[in-house]
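There is one chain below, alone, in C-alpha cells, taken in the form predicted on its own.
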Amino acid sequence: MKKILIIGAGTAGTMMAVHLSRKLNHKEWAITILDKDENHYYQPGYLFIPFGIYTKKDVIRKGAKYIPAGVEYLLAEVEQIIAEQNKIKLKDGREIAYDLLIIATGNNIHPEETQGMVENGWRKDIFDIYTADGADALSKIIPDFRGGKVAIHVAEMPIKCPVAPLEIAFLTDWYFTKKRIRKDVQIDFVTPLAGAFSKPATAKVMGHLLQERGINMVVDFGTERVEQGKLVSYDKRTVEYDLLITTPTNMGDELMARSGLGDDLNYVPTDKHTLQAKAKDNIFALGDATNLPSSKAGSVVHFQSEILMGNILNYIQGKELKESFDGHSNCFIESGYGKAFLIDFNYELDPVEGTYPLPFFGPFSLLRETRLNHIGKLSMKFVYWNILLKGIPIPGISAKMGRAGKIIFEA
C-alpha cells in the first residue's frame, strides 16, 4: 500500500485530508496527517478577541474532530523532511516513509526578527493579533486604555491575512468611539507599503476611509528597531506609541530550513499554478507554507485544496499536471460600526466593484462598505467549522475567479 503524508493539520492540511479521503481508494492509498498541536484554530476570529466580540475559547477546537474517518492522525513534531529518501524524521526519532508528501505547515510570527521588539515590552504594551494568545493578552489591556497613542504596525511583507492590520485600525477607532474616548486616542497606521494596501484600487478606498476616521497613515516605513515607546525606521523617522499592535515578521515553519526546502523566509518554493513544490515532483504545498504571490488567507486555501486534489490525481495516474490555480482570493474587511467590505481578486485581476458570489444578485457587494458584508464576515465562523473544513461545496463559489458581475474596465 502506498502512503500520502500531510504535514500540518490546520486549515490547509485538514481540507486536503478530507478531499483525499473521498477521492482515493483506501485499499491502495494510506493517508496520514500529523501536527504538533492538538488544537485547531479559527484564525480569522483572532481579530475580534481584543474587542470582546469573541473570546479565545470561541476560536479553538480539538483538531481530531475534523480529521475524516480512515485517515491516520498523529500528534508529533517533525525534525526533518529527508526528501531524497522520501521520508521524515520525527523529534522522537521515529521515521515515516511516504510516496507523496503534502506540506501544509503554515507560517508563524517572529517578533525577535525586529530589534528591540521582544525586549521592550512584548505582551506588556506591544501585542500581536496573529496568535490566540496575543489577541487574548490584548483583550486584557485594551479595556483599561484611557487615552494616548496607539500604533497599528506592520513590520514587513508578506504577512498572513494582509487586510488584518487595516481591520484592527478600523475596529480600534470603532471601539474607542463606542467608549466615548476616541478624541483622547491618536491612531497611527504604520506600514512598509506605499499605501494602505498592496492592490491600488483597494489602497485608494482604504486610504480614504482611514483619513475619514482620523487615522494617520505612515507609509514606506521600514522598521529598523523598536525602542521603549517608539518605532524607528531605517530612514530614522519615528512613531511614538503608548500601545503598539504589531504584525511582526511572518516566516514559514523552521522545519523547512532544517530540511533544506525553504527560501530565506522558510517558505516552500512552489509552482504558482500547479502547487507542486519545486524541490521534488512528489512534494506538493499549499496555504501559508508556500512562497506563492497569492494572498495568505483562508479562502485561498479553500480554492487551492480543490485545485491540488485534481493535480494529485493527475500525478498518481501519470498525467500532466494542470496549471489551474489562478491566485483566486477573497476576503471580508471589517470596518467597524457594523459594516465591512469584500474584495475578490487573483494573480491577474485586482479587486474591483461588483457583486459576489452571484453576478448582479450578490448578495455581497465588492469593494463597498455594507451591513450585509459585516453579517457575512461574522457568519464565516459557522461556515468555517461546519462547511469549509468538512469539504462541503458552497453554491456559486468557484476555485477559479469569475469575471461576471464585476465592473472591469479593460485597458
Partner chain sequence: MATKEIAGKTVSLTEEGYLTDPSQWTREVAQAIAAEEGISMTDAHWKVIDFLKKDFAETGVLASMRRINKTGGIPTKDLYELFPEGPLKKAARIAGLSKPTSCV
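Since the model is a prediction, treat every value here as computed from it, not as a measurement. Numbering follows the first chain given and starts at 1.
Another form, the form predicted in complex with the partner chain, is not on view; read the next lines as being about it.
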Given 207-215, 166-174, 309-317, 149-157, the stretch touching the partner chain in the model of the complex at heavy atoms within 4.5 Å is 149-157
In this chain shown alone, the residue from D242, E224, D136, D188 with a heavy atom within 4.5 Å of the partner chain in the model of the complex is E224
The one option of K272, K199, R123, K339 with any heavy atom within 4.5 Å of the partner chain in the model of the complex is K199
| request: State yes or no: in the model of the complex, is some non-hydrogen atom of D235 no more than 4.5 angstroms from a non-hydrogen atom of the partner chain? | output: yes
- Looking at the partner-bound form in the model of the complex, is P293 within 4.5 Å of the partner chain by any heavy atom? yes
Item to complete: Would you check, heavy atoms only and a 4.5 Å threshold, whether N330 touches the partner chain in the model of the complex?
Response: no
Evaluate Y46 for contact with the partner chain in the model of the complex, applying a 4.5 angstroms cut-off between non-hydrogen atoms, and reply yes or no.
no
With the distance limit set at 4.5 angstroms and only heavy atoms considered, check whether L90, E254 and D281 all reach the partner chain in the model of the complex. no
Across 161-175, the residues having a non-hydrogen atom within 4.5 Å of the partner chain in the model of the complex turn out to be P162
